[in-house]
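This document opens with one chain alone, in structure tokens, the form predicted alone.
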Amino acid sequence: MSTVEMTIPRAAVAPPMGVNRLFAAGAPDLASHLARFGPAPLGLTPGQLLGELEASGLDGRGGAGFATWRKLAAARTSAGPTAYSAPVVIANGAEGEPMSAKDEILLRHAPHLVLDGLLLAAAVTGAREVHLYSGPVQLASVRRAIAERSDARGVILHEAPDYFVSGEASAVVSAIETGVAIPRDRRVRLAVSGLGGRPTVVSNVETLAHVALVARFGAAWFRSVGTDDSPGTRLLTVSGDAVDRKVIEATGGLPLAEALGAVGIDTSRLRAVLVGGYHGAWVPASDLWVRLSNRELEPYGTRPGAGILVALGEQHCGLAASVGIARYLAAQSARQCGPCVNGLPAMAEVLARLAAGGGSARLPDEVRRLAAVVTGRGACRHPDGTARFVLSTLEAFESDVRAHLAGYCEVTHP
């Protein structure tokens, strides 16, 4: 099995189970890091590193999955001639998603790999200012790492608030600029105009750690595991009824059933798995053979995203479980535009009426109508992600929908 497992919380990294790349140093201190990886190859030209990143197929690990080399190249191209127009690079370690823990584990156990990637990204783009944005526990680990090395003394640290949209890229920029993590209505890409109007790269900390590995070992090494459309490894946070959140490092394209089995989840007793977190989609238990790649997850309307898997046991009603998530997402909006203020609560409550049973046969269509109304109309992608999740609920639990409309629940009264 191509995984390396860490239970949360754990004082040290567990012994590797197969793949062990990001945590290969075995300890968070600089001496262990250098003994395993050696110094970061800062002598690479921007063209060389961008070429290796393009060949590697590394995409963002924060959720959007945008090609890493394109993001860096866009900021470099947008750079101006002065310090006031030079790019900015921000390492994003905010984990507002309640079911995720991978960024915390990475920053606690491999902070030097993240710092290497951050400094390499700054070198590629020509950035003169670098930031790292994360929670208080993670920042404590990063501070200890910075104290061990002179090249990272200029990294500016920021504490991320603990709510869902705080890690959205424009919210990160807003938090650093104004102290308030509210998504912006982005008419211009951050790579063109972000923090202080400068070209800005906001990159997930796991992505940056992979940048540091690609710079050292090359694209061919990175692609030596995984699949053609999901090369390398990625961190997954996996949880279920009897299993609290666990983080594993898995090869790209790992079958969903293997990822669940790696943390001890009994796949024979599941109804579905939420893939991609609360902005993801449900994959029914009959399809656990599907691989965690963009290509194979596309029919379900999701992607590996931030690497979150939530297993739903057979004893749970899919509609009832989804109502709780939909209400949470409605409450977690920035409350700055109509789709979030009005649309998301309305959609969650119609779904709740459907789950209550015996309602109008028109309720599913009303959920779909509200999802269409909010999609693409928010200041950020929060309404889109919430609508995607709710629509996935109707599809994955279609039999539950029929049962509830008939006035009973298949789980409580089979």
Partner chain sequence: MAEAFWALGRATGVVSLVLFTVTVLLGILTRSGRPALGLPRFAVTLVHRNVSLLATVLVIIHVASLLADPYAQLRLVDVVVPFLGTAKPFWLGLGTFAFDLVLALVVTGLLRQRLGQRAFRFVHWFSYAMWPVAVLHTLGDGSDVGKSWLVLLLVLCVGSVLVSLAWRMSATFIEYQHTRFEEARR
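Numbering follows the first chain given and starts at 1. Just so you know, these numbers come straight off a predicted model, no measurement behind them.
The following text describes the form predicted in complex with the partner chain, which does not appear among the structures shown.
Exactly one listed residue, out of 312, 297, 182, 225, brings a non-hydrogen atom to within 4.5 Å of the partner chain in the model of the complex: 182. Shown without its partner, this chain lists 85, 267, 77, 336 as candidates; in the model of the complex, only 336 has a non-hydrogen atom within 4.5 angstroms of the partner chain. The stretch that touches the partner chain in the model of the complex, counting heavy atoms within 4.5 Å, is 337-345, out of 337-345, 272-280, 133-141, 67-75.
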